[in-house]
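One chain is shown next in structure tokens, namely the form predicted on its own.
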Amino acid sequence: MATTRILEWCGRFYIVLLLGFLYLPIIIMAAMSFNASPFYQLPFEWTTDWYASLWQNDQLIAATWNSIEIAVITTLISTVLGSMASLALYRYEFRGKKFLQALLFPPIAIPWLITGTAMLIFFFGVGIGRGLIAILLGHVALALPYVIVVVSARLQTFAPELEEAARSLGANQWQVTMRVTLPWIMPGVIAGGLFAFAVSFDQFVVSYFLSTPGQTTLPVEIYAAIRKGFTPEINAVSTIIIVVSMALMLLTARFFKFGGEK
């Protein structure tokens, strides 16, 4: 009995340490975005000047909007294409199917440094070069395997008899997909879309290789700002992003239960 209690308290202590390790740096960063001292000096003096300065930093704001636009477009493209590919891999048998499924995992496992270098060489070879279009194409290529893997995993729980029953009642293939299959896999589609957005918005290596001066994303701009000298404006924009991201996650969790019920 005493051993069980000790193990229970050790488990709780480990969870507290783990959560502290994950969230304490974020809490400190958010708190320092409201500190008047640019050098994080104590005692703490409350101010919102860094948020006011943020809106006057044109480079940081432009990079933030670039990241949001690229991430949203990447999410839309990769979610649609990934869901369609998952349905095709689920419904049809064809030569090379296993090989195509195996090819989904190398882009996830290969270091992004190598992927970024390969994309840079390829885009220059085909005449695309560097810029926002190249970044968008690179992000879609990175996010697509995540969507296919997540949606395909959701499809493994789908009963084919439901589609057969819908066809026997007179539904065509489009109606079967939109009214039977899609509602069932929607939690997987949403999860895949969230993965795609996170992969795109947080992507640094590929964006660094493919960006040009004046056309950068937020991670690249933050890296450049840190090299010049860290400012609390970075804390401010990071705090805003974290708050918005957590709000979106809570809304998603509120309206979609990923067990399959809405």
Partner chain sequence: MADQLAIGSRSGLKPALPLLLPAYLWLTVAIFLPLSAMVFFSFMTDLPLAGKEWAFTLGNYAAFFSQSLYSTLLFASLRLGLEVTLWCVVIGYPAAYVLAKVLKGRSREAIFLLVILPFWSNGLVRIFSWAMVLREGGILDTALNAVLPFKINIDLMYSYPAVIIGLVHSYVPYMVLTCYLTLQAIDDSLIEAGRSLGASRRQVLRRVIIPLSMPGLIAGAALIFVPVVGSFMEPRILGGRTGTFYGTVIEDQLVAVFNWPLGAALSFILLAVVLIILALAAPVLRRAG
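Numbering follows the first chain given and starts at 1. In this text the structure is predicted, and so the values were computed from the model without any measurement.
The protein also exists as the form predicted in complex with the partner chain; that form is not presented, and the subsequent description refers to it.
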Would Pro111 count as touching the partner chain in the predicted bound form under a 4.5 Å heavy atom rule?
yes
Would you please decide whether Ala52 lies within 4.5 angstroms of the partner chain in the predicted bound form, comparing each non-hydrogen atom pair?
no
Is there any non-hydrogen atom of Trp65 lying within 4.5 Å of the partner chain in the predicted bound form?
no
In the predicted bound form, does Thr117 come within 4.5 Å of the partner chain, counting heavy atoms only?
yes
Candidate spot Ile61, Ile190 and Thr212, all three touching the partner chain in the predicted bound form (heavy atom, 4.5 Å)
no
Check each of Ala166, Leu155, Val149, Ile77 and return the one that places a heavy atom within 4.5 angstroms of the partner chain in the predicted bound form.
Ile77
Partner contacts for 10-31, taking the partner chain in the predicted bound form and a 4.5 Å heavy atom cut-off
Gly11, Arg12, Tyr14, Ile15, Leu18, Leu19, Phe21, Leu22, Tyr23, Pro25, Ile26, Ile28, Met29
